[in-house]
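Here you get one chain, nothing else, as structure tokens; it is the form predicted alone.
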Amino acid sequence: MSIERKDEHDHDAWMEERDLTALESMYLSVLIWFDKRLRIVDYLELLEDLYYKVNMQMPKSHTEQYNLDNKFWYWYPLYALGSFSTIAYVVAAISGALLGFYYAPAAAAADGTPSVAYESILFIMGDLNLGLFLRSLHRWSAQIMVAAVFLHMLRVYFTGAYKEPRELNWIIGIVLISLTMVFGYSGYLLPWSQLSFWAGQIGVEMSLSIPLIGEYVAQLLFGGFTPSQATLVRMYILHVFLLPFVVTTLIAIHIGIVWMQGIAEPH
């Protein structure tokens, strides 16, 4: 009986090996057919070479550098703030693009009726399927991004990661956190509610307080000395068309420099 079972096992193993050989032969045939037309193997070799070069250049973690085995290193959460803010920015960008399909940047009419912009926000929150979730996702991801960027800058400062040779990336980081503030302010004005209107008025007053060029700055950024339709359009263009391209470009440069220089770890 045991001999029969052994024969059956050997037969099953032979069948599996034969099926595997047939699949490998089929895979190679298909690969050769595509390679003759698309040079797939050459590009796969280029990707493999690129992978090893990138992997060699990536900075080592504390666990690898100091042979800590699998022990938890207390700096790790702080070193995730940069990537965390980037993820929050991507979420805010995607959700904001979806909100843009239903938002209209039109201010209040002369008779004091609610603005078209505010009505579009009410429609998103009340009538659009998953609209409240989408707006909340955009709002909270933006706030998380602001907090993460601020904490990331604090971590860089207190660990001395702004010093030579990382001065340029520190300056880019300062520009990014400043643009993040502008992102948040311009987005705060878009619903064109009472809070948005008076936040816009505060911005006008701050612009007017600038010596010599205050009036020109107020007219350029807010379209006058009191919030109006021109203010809303300017904030909309700034928030939707200008800032995303500038910030995305600077983030790509910032991450590229970190990749080239490595992470500045405290010692």
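Note that residue numbering follows the sequence shown and begins at 1. Just so we're clear, the structure is a prediction, and the values are computed from it rather than from any experiment.
Omitted from view is the form predicted together with a small molecule, to which the following refers.
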property	result
All of Ala93, Gly187 and Met235 within 4.5 Å of the small molecule in the predicted bound form, heavy atom check	no
Residue (of Tyr103, Phe123, Trp170, Trp140) lying close to the small molecule in the predicted bound form, criterion heavy atoms within 4.5 Å	Trp170
Segment assignment from 159-167, 125-133, 191-199, 95-103: heavy atom within 4.5 Å of the small molecule in the predicted bound form	159-167
Distance check, Ala117 to the small molecule in the predicted bound form, heavy atom within 4.5 Å	no
Contact test in the predicted bound form: Ile144 vs the small molecule, heavy atoms, 4.5 Å	no
is_contact(Ile255, the small molecule) in the predicted bound form, heavy atom dist at most 4.5 Å	yes
Proximity of Met181 to the small molecule in the predicted bound form, heavy atoms at 4.5 Å	no
